[in-house]
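Below you'll find only one chain, the form predicted on its own, shown as structure tokens.
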Amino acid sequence: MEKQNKNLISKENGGIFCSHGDFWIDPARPVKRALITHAHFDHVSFGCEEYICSPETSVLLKERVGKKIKVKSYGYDESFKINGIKISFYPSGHILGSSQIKLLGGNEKWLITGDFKRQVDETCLNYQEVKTDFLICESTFALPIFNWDSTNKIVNQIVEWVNKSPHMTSILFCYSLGKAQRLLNELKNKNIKNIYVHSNIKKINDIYIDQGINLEDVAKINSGIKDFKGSLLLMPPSQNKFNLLKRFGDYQTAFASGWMLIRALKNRSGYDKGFAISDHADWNGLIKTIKNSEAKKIFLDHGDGETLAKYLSIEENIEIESFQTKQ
């Protein structure tokens, strides 16, 4: 990275570091002060002395990381300073409370998108476009193959999959935080006999409801229910084990993830069915976000962005710089 911006933001072994502010963003190891974009575990390190995030993320962190952690929260409509660096959070549309983080220091203006999506999702605030000079953009699905169908189309496919096998228990594996709640919201007016959720998902559902999200309070899977035939069960991927599923009798399984667009991966996944629904931006969403940011320097993070970088350079005359980790 060039000398003029190296001191404000750099990629270190522990994650993204702001040296002037002496804080980290989504650190990979315990640090003194951590700004957190959202509450998924791949963006949160246990053991930080202080966490700083949106109010909704603070509630989720206390549930997932520990009740006694030190957390400061700031809303999307306010800014604050750490060691002279002005900081603001903006909705990223990824999950409840997820944030883009904007930093102002000296004559530099930076935006870290964190994970984001541009599809409408009633369980969180939608992505907000923000102008910046330096952009650190996620690139999880930075290949042309990744172009998401409408959410309603995928949800209708899920409903059809369940209802075509009324003699079986349909088990849809999905992430407990974010994906499960989005699916439940989309399924609430669909024709499915019954929907049940794993206890881990139920805990997060209760938080969403407490935070004002209009989510249906569906029942938890429990041993008192003897017959799940014709029903849809939402479970985290960690539960996809025969000894845990055999109690459901005849069952079929599916996984809800953007990765299910890759045919070979879907065939090797061990699930009967794959539904390509993602809480990340697709190829076109990434390009739109980068162009609309009007950033003069762009860095890609959280994914292999080589194909996207080459495309933007050739087709849009936009140069993507390497974001190398400092040893």
Partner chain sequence: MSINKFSKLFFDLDSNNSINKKVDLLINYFVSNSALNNSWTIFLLIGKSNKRFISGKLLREYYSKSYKLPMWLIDTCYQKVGDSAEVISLLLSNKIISKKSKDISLDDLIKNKLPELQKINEEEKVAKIKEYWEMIPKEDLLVFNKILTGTFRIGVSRGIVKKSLSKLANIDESIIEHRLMGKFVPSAKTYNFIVSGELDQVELGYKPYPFQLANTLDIPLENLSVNKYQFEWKYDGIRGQIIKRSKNISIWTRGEELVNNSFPELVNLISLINEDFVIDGEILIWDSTKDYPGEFGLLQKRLRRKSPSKKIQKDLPISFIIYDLLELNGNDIRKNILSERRDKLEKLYLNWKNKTSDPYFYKLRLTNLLKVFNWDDIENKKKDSRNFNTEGLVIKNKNSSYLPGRKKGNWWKYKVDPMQLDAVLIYAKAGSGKRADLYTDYSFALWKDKELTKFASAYSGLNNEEIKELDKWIRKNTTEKFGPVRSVKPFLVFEISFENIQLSTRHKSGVAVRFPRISKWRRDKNIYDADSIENAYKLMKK
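Numbering follows the first chain given and starts at 1. Computed from a prediction, not measured in an experiment: that's the story for all the values here.
Heads up, the form predicted together with its partner chain isn't pictured, but that's what we're talking about next.
For the three residues 78, 91 and 235, verify that every one has a non-hydrogen atom within 4.5 Å of its partner chain in the model of the complex; reply yes or no. No.
Which single stretch, out of 34-42, 66-74, 283-291, 50-58, brings residue heavy atoms within 4.5 Å of its partner chain in the model of the complex? This holds for exactly one stretch, 283-291.
Please determine whether residue 251 contacts its partner chain in the model of the complex, using a 4.5 Å cut-off between heavy atoms. Yes, residue 251 is a contact residue.
Is there a non-hydrogen atom of residue 164 within 4.5 angstroms of a non-hydrogen atom of its partner chain in the model of the complex? Although its partner chain is absent here, residue 164 would touch it in the model of the complex, with heavy atoms inside 4.5 Å.
Using the partner position in the model of the complex, report whether residue 295 sits within 4.5 Å of its partner chain, counting heavy atoms only. Flag for residue 295 set to no.
Residue 311 near its partner chain in the model of the complex, any heavy atom under 4.5 Å? Yes - in the model of the complex, heavy atoms of residue 311 and its partner chain come within 4.5 Å of each other.
Tell me, out of 187, 135, 143, 215, which residue has a non-hydrogen atom within 4.5 angstroms of its partner chain in the model of the complex. Contact residue from the list: 143.
Just to be sure I understand the contacts: of 82, 125, 154, 168, which is the one whose heavy atoms reach within 4.5 angstroms of its partner chain in the model of the complex? Checking each option against its partner chain in the model of the complex, the one that comes within 4.5 Å is 168.
Residue by residue through 304-320, which ones have a non-hydrogen atom no more than 4.5 angstroms from its partner chain in the model of the complex? Going through 304-320 in order - heavy atoms within 4.5 Å of its partner chain in the model of the complex - the hits are 304, 306, 307, 310, 311, 314, 315.
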